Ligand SMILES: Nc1ncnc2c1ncn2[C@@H]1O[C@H](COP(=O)(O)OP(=O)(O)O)[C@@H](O)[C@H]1O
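Given next, in structure tokens, is a single chain: the form predicted on its own.
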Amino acid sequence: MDLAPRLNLITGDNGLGKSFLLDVAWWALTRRWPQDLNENLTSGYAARPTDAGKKATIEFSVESKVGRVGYESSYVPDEQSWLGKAGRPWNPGLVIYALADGGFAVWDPARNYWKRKGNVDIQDRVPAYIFSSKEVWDGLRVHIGDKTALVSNGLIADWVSWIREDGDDARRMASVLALLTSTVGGDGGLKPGDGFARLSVDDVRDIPTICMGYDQDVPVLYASLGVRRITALAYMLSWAWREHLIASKQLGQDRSSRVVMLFDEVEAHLHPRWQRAVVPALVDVAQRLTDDASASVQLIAATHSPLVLASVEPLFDVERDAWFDLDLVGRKVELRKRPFVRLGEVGNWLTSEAFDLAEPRSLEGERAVRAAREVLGTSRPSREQIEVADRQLHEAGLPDIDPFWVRWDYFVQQAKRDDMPEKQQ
């Protein structure tokens, strides 16, 4: 899988390995599996070979701060782990992984990279920050040595604090949220509400609110799954970059000029309007966060949505972007780098190699149209064959505006004329 430097999209049926590829990409960049660092996750498990008796390897290379590095790692059955390379790991830049279960993983070169004392490598830093979906909202505590440290206050507390301070953090969060939810014909995307809310007399937390399109401020915990998903994403992007800037300043080092984002099921819970906007927005948001035109921003996203594929048509650049597709061929899964062809309407993407549907219709409609096409391809179909196919089309609920009716109605009229006696014609 030869990844492009900017945008990489992965398609394929359920169960063929899209999440697996993202997990391996995260491991190649950070050397750790997300679930190994936070057992509260329901995804991000370590890859395991199906047959431990056979040799299993993962070979990869990574563009790091010091250039391209890489090696081949072998699975060690006795240790139930992958053999790591001795020595100091590489620095791939800031890495953010949005998992399908709502969790997030963050690797920060300023906070997770090995440090040195007296030119000796000291490996006592947190390997990565791994959030379950609940910890994104309520905060994350990690064990560092014999102590437990609060490394994130969570979305609720942080956002309230940022809004009260009315500084760069609040403006960054509002800007990212607006960019991720901006749509054609919209009002510029979601924005923070005026003030905070309390959920009950027993909950003393101030809850940030979202200003919805119907002019009502809704506590973010009461918002829909889609709104909460996109708000959590806006927070994690804002939090990761904010903490990276603070840590870089404390260490007296330059901030990272590389950002890698991994995103599983990028369209999950999102309305089609947002599905159509989310990937271009992610590319834009990451570039704006770095505030550096020369910064390298790479996005690797898995999707089941034809709207996502259609949405990248205006920005897709074959020199910087790639589309990968997983297919079941016989009893083996094959990964192919597909040539990206602009197909226009979303229905055309449904019947493309990305999603492999025979028809952009319901199952009943697909069966009826397929049967009708077989009749159309018959040299002299009987009246009974035509009537059966016509009945199937109507029973399938094929709408009057379906373009197939034009061809079918013409065919039926021609068949009736051919059956008429010559005098009646």
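Counting begins at 1, following the sequence as shown. Given the structure is predicted, the values throughout are model-derived calculations rather than measurements.
The same protein also has a form predicted together with the ligand, omitted here; what follows describes it.
- Of the heavy atoms in His394, none are within 4.5 Å of the ligand in the model of the complex.
- In the model of the complex, Asp13 approaches the ligand with a heavy atom inside 4.5 Å.
- The ligand in the model of the complex comes within 4.5 Å of a heavy atom belonging to Tyr45.
- Heavy atoms of Phe20 reach within 4.5 Å of the ligand in the model of the complex, making it an interface residue.
- Residues within 4.5 angstroms of the ligand in the model of the complex, judged by any non-hydrogen atom, belong to 45-53 and to none of the other stretches in 354-362, 395-403, 378-386, 45-53.
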